[in-house]
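The chain below stands alone and is given as structure tokens, in the form predicted alone.
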Amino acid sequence: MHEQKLATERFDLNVERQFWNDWIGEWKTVDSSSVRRAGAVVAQLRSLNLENPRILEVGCGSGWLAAELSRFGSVTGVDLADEPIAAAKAKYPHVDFIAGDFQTVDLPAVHFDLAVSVEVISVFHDPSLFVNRVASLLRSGGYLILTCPHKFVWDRTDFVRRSHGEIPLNWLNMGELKRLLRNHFSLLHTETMMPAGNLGVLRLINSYRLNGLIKKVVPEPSIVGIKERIGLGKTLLVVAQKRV
């Protein structure tokens, strides 16, 4: 339902860099879904009770979430898009921003206490290499908080893919994400967020008429919570700990 290139095929980094420069540059404000994901990440970080952690954000974009994370510890933000990184350095000078390819950029091994990755793993050419790289940068017992698009939902959502094959789009289901992480991590928490979808079975489940009837007897937040618990959110969220 969506085109993918083989994970072993290398995309043109210059094309990708320009795509993300343009994409991030278009967003002058943070959308509600990004705010919700960021809030969930911060809530999970708070629950870990880490004392002044060294935090790595992979795919930090314009740097706004990295700045929020800096309330908890020192932050290094990495992104391929060099133009937003240049702007972030000026706007958030207390955060260490680095522009470059995450797979090859110079970062200290076995150094960070926490890695955060929001909606990023699915645009890497090989998700397993991404996980390996994250694990190599975390200290033993370090944590990963990761979100990514939920394949089951996005395969059943009518949308326009703006990248037109310029970047990979390797959506994952929860089972696939768990299998990727288990090579290096123990899973501490998993959930789906923000129910969505308007094709196939999700057209019925999320129909305005059906949900309007249900809301007469069940409050809307409860309906959303039920859908998230049974795995119908458009975003997967995982908290994992690197095994010692």
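We number the residues from 1 along the sequence you see. This one's a predicted model, so the numbers in the text were calculated from it and none came from an experiment.
Note that the form predicted together with a small molecule isn't included here; everything after this is about it.
Listed residues Val118, Val75, Leu114, Ala88 were compared with the small molecule in the predicted complex; Val118 is the one with a heavy atom within 4.5 Å.
Proximity to the small molecule in the predicted complex, defined as a heavy atom within 4.5 Å, holds among Val153, Leu80, Ile145, Val131 only for Leu80. Heavy atoms within 4.5 Å of the small molecule in the predicted complex belong, among the stretches 52-60, 202-210, 215-223, 181-189, to residues of 52-60. The small molecule in the predicted complex comes within 4.5 Å of no heavy atom belonging to Trp171.
At the 4.5 Å threshold, heavy atoms of Tyr92 stay clear of the small molecule in the predicted complex, well away from it.
In the predicted complex, at least one heavy atom of Gly100 sits within 4.5 Å of a heavy atom of the small molecule. In the predicted complex, Leu107 stays away from the small molecule, with no heavy atom inside 4.5 Å.
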